[in-house]
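Below, in structure tokens: the form predicted on its own, a single chain.
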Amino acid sequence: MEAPQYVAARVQQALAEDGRTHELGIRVDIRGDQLFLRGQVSGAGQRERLAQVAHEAAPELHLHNEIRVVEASEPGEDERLD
């Protein structure tokens, strides 16, 4: 059985190198047969792609996708400096 830190490193490498994700800011934790993804992304599609790539990299683990989607909105009024 592969050590958890090696599995986490393999999943993080897949998230960084896969053409669908190219994501470096997601934390990967392995606890027993559970894989946890944590972090923030700017869209629900990216969140789902990260889960798909992580599952492909470690299909033997049960995935918990705890990545939060941060809403980006239009900027407010211009700041006036007098």
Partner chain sequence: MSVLTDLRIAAVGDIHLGEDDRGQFRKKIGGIEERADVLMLAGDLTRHGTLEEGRVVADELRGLPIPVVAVLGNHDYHSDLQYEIAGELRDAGVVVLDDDGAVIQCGDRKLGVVGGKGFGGGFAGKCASEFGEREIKNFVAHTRYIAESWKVALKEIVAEKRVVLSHYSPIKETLEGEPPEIYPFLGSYLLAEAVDTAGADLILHGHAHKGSEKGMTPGGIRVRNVALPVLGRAYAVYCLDCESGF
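Rigid core: the largest C-alpha set superposing within 1.5 Å between the two forms. Positions refer to the first chain, counted from 1. Being a predicted model, the structure only gives us computed values, none of them experimental.
Separately, the form predicted together with its partner chain exists; it is not shown, and the next lines address it.
* Just to confirm, Met1 within 4.5 Å of its partner chain in the predicted complex by heavy atoms? -> Answer no; every heavy atom of Met1 is more than 4.5 Å from its partner chain in the predicted complex.
* Is Pro59 one of the residues lying within 4.5 Å of its partner chain in the predicted complex, judged by heavy atom distances? -> No.
* How about Gln40: is it within 4.5 Å of its partner chain in the predicted complex, going by heavy atoms? -> Close contact exists here: in the predicted complex, Gln40 approaches its partner chain to within 4.5 Å, heavy atoms only.
* Is His22 close to its partner chain in the predicted complex, meaning a heavy atom pair under 4.5 Å apart or at it? -> Yes, His22 is a contact residue.
* Taking the rigid core as reference, does Glu74 move its C-alpha 2 Å or further between the shown form and the other one? -> It does shift by 2 Å or more.
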